[in-house]
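So this first bit is one chain, no partners, the form predicted alone, shown in structure tokens.
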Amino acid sequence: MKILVINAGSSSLKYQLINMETEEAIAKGGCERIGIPGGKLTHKANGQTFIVEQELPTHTDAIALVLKELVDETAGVIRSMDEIDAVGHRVVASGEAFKQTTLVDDHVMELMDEIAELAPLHNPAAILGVNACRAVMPGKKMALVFDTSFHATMPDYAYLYAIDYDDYKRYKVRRYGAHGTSHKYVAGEAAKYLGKDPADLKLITCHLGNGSSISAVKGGKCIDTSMGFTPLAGVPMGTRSGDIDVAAIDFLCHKKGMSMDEGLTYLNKKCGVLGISGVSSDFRDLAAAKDAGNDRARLALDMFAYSCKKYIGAYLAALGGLDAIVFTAGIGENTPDVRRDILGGLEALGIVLDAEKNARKNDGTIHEISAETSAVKILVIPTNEELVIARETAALL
């Protein structure tokens, strides 16, 4: 069985074709600048990288180009589209409309339109991707795999906000979380590495990238997560503010003459470590600026680490103990200094980092960075969200 995984953005599209017998990506790549002059496809297959520079007016054009490359005589890995058994689409927010992976049909897409506003930066792009695939691959089975599904196991006291309960029932305003496919994958890999049944483990999974979230996983199920109604909540991120007093948003909007929509754009795109540092949303740039003596870069990094530290402490309490902490995603996998700053001072909780192991360069494999004296295992696990999407799609079929 071969599953094509699609992750569509507003002007980009990433893909992988995964052979489910080996669970390996036999081709992968991405389209850039969809709907913008200068479109480009980067396609990796057969040990080579192929670049196609071509205008891509729509997502449909992008999907058509991807499929063309997949069957190309030189760059291709399949003879025809008939070899693709199904397509799995990444979707950020499900609302309460979907609790699990769902096959695409007209009614499902109507519901998707209704919940698009729950993730305004992501869901509309996913809808474009699905519609493009349906246009180019009519009749092909497709599945929606939601970032929020893994968090659907949260108890009501964890996912509810203390608003009028009737308003929750009417408008479905609650904590949904995000990055669920990543948290699910690394939690499962941690259980395999530790040689234990997921049902017997208490884990804290830290997906740290330009967007970051932290989850408490008990018995293989999420019981709490840092992101909220949208991916804006939680720890400070690349350009997102993270947790903030809602009254402060209203205050800022009045002072800066912004509408609420403009205020949310500000919080999503101009804040976070970019806003604090004034340097960059990229943690590599922040580290370099800090080393050069930039105090605002230092402050941004300190704020990020402190916020992550607080969530770890809170989730240890919520879990009633802790077997392992997992770091994953771009920052979590590749930035030893950030891991060190997050875990520093937690030794009294049985969390002890080994500095030498922590400094090891990421080689794409699981590695343990906890000291021998640590009661809690500390693991770095490369994430594989595309594989989770492919597995979910295959299981649904």
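Predicted model, so just to flag it, every value in this text is computed and none were measured. Each residue number is its position in the shown sequence, starting from 1.
Note that the form predicted together with adenosine-5'-diphosphate (ADP) isn't included here; everything after this is about it.
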Please state whether all three residues 145, 153 and 181 have a non-hydrogen atom within 4.5 angstroms of adenosine-5'-diphosphate (ADP) in the predicted bound form. no
Any non-hydrogen atom of residue 209 within 4.5 angstroms of adenosine-5'-diphosphate (ADP) in the predicted bound form: yes
With the partner left out of view, is residue 358 within 4.5 angstroms of adenosine-5'-diphosphate (ADP) in the predicted bound form by any non-hydrogen atom? no
Is the gap between residue 370 and adenosine-5'-diphosphate (ADP) in the predicted bound form 4.5 Å or less for some heavy atom pair? no
Would you classify residue 315 as touching adenosine-5'-diphosphate (ADP) in the predicted bound form, given a 4.5 Å non-hydrogen atom cut-off? no
Picking from 275-283, 74-82, 103-111, 153-161, which part of the chain touches adenosine-5'-diphosphate (ADP) in the predicted bound form when contact means heavy atoms within 4.5 Å? 275-283
If you check 66, 331, 343, 27 against adenosine-5'-diphosphate (ADP) in the predicted bound form, which one has a heavy atom within 4.5 Å? 331
